[in-house]
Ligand code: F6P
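Encoded as structure tokens, the following chain is the form predicted alone, with no partner shown.
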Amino acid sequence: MIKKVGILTAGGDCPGLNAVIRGIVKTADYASVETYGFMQGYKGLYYNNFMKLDPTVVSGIIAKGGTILGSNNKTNIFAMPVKDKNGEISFEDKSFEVVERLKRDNFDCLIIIGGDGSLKSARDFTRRGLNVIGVPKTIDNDVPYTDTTFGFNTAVTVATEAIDRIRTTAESHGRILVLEVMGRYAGWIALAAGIAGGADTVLIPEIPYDFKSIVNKINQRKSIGKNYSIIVVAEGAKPIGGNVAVKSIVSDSPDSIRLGGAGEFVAREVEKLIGQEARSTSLGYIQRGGDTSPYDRILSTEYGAMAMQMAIDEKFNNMVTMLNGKITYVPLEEVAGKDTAIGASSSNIKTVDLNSDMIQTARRVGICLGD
């Protein structure tokens, strides 16, 4: 019977994280299992910075965005920077030290709540002999072997509301308005929000776009008296033969590429081709901040409660998931990419299936997908 469990939230913040933490802690309390939260993700795990969790601590956090444990997307325990006496920096694997300390401190299991990169580290810790339970966290909905991840519904709700709001300006001024949304290399948010918000064009990473197709859609609308258009662009979308828009490179982060600017690029090019004013808006962090939607509160609680139950049942080295409408679990080895090397960058992220019902629905209702 396990007695002591650690929890950490890693990577970007996400609506529903606090609800997951609450689900874990309340389930643990009924089973008389102690829970401790490591602060600032893997950084807190490395520096052994944690706090005691109990139902009093998690009371009232189910709706709150962000994470009471804090997060961090720059610490890679498998490649920590170390400076020698000459000031030269090298990278060393500190994971064995962390695993040894956790075992010495009588932690029976570590529940890691994170996205693609964080779950790779979770998998790699299992290879070091640590008992791990993974919980998928991303608004991008791109973790494999899941129907949906918590935070996605909230992000789509925010993006849909944004489409509703910019539509009035587009219609009033006869403009082309472009909305850039998150999603990295998967188009789930853009596609879902585009359908829900009645966008005219949706550009996603899975379909490299042709500006001729976008222009044809705008002209088609003009021919029926619609002098404005709404274009939703996923941050990872790119033109045929082109590249994704990169905002910056963060050298001290395991996920160094920061996407951004795809919407502005589309707006500039469309304005040149059409001769009609086009403006771009990027939602950015607005999509993953603020209160959590009711759907995500329920899903997050299910994920958290199941993760703790898996720990109690000693079903270690798995990731909790919703698959085919059922809360279940899959091996971390299957989830965290097909690569085997510690620190490898490849992954098997879940992208939009071009034969899916959502793609077919978008086409049937006349949404231009850029092809």
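Note that residue numbering begins at 1 and tracks the sequence as displayed. Keep in mind that what you see is a predicted model, and the values were worked out from it rather than measured.
One more form of this protein exists, namely the form predicted in complex with the named molecule; it is left out here, but the text below deals with it.
*Asks:* Considering the named molecule in the model of the complex, find the one stretch among 281-289, 217-225, 77-85, 265-273 with heavy atoms no farther than 4.5 Å from it.
*Replies:* Residues of 281-289 come within 4.5 Å of the partner.
*Asks:* Quick one: of 297, 123, 184, 175, which gets a non-hydrogen atom within 4.5 angstroms of the named molecule in the model of the complex?
*Replies:* Checked against the cut-off, the match is 184.
*Asks:* So which of 139, 237, 191, 109 gets a non-hydrogen atom within 4.5 Å of the named molecule in the model of the complex?
*Replies:* It is 139.
*Asks:* Please determine whether residue 104 contacts the named molecule in the model of the complex, using a 4.5 Å cut-off between heavy atoms.
*Replies:* It does not: once the named molecule is placed as it appears in the model of the complex, residue 104 has no heavy atom within 4.5 Å of it.
*Asks:* Taking heavy atoms only, is residue 73 within 4.5 angstroms of the named molecule in the model of the complex?
*Replies:* Taking the distances in the model of the complex, the answer for residue 73 is yes, it comes within 4.5 Å of the named molecule.
*Asks:* Is residue 258 a contact residue for the named molecule in the model of the complex, using a 4.5 Å heavy atom cut-off?
*Replies:* Contact check for residue 258: yes, within 4.5 Å of the named molecule in the model of the complex.
*Asks:* Suppose contact means any heavy atom within 4.5 Å; which members of 21-49 contact the named molecule in the model of the complex?
*Replies:* Nothing in the stretch sits within 4.5 Å of the partner.
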